[in-house]
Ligand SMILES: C[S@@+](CC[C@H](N)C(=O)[O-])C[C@H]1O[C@@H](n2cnc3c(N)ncnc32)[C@H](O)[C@@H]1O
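The chain that follows stands alone, in the form predicted on its own, written as structure tokens.
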């Protein structure tokens, strides 16, 4: 799965998403932020953000040690830690200025704990029409409508929604690309990319995402 992700992202098919994410980061983040990427994978999106944002420090977390080995090579000055997002995150309270969450689980209470007041959180989730042309053949999971609303509701205690952007573009995928898409998803645990059933290029495949911008609410000061 990790090699499939490296190959697919390396082909540049998701570069418009990386550009949209880095543009939002540059627009909303403070100067020289401490950046946290939760579910960083191979470090592709964090690297794109750091091309636009002069980070004071960067931390990449992912459950896969194999993905993080790649991230560590791509981001030699970042702290890359194998970590389960459902555990307390290995950062101090109010220590993060910019948090990224791209196609990864969201531990909202921990996000709120580690983000400083006014910090920016960028969350990317796929839309139902994402990869619709190849979803059946690549055995991709269905994406439920309204996922962005669920994300906003889950973050509401610690974050306010600033805006939501739709990022959509078309991709020309080769059979190898489609096989990599299949291997990147849950079906990749059970089947090789060559079993995805594609022998001809998919000439136009939709990539569609929601990019949500959240701001950490000001913490209430307890009165004694």
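Residue numbers count along the first chain shown, from 1. For clarity, every value in this text was computed on a predicted model and none was experimentally measured.
FYI, the form predicted in complex with this ligand isn't displayed, but the following is about it.
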- Query: In terms of non-hydrogen atoms within 4.5 angstroms, which of the given stretches 114-122, 128-136, 99-107, 70-78 touches this ligand in the predicted bound form?
  - Reply: 99-107
- Message: Contact with this ligand in the predicted bound form for residue 49, defined as at least one heavy atom pair within 4.5 Å: yes or no?
- Response: no
- Flag residue 39 as yes or no: does it have a non-hydrogen atom within 4.5 angstroms of any non-hydrogen atom of this ligand in the predicted bound form? yes
- Classify residue 63 as contacting or not contacting this ligand in the predicted bound form by the rule of any non-hydrogen atom within 4.5 angstroms, answering yes or no. yes
- Query: Applying a 4.5 Å heavy atom distance criterion, does residue 184 contact this ligand in the predicted bound form?
  - Reply: yes
- Task: Identify which of 20, 9, 213, 208 has a heavy atom within 4.5 Å of this ligand in the predicted bound form; exactly one of them does.
- Result: 9
- Give, in sequence order, every residue of 73-89 that has a heavy atom within 4.5 Å of this ligand in the predicted bound form, or say none if there are no such residues. 83, 84, 85, 86
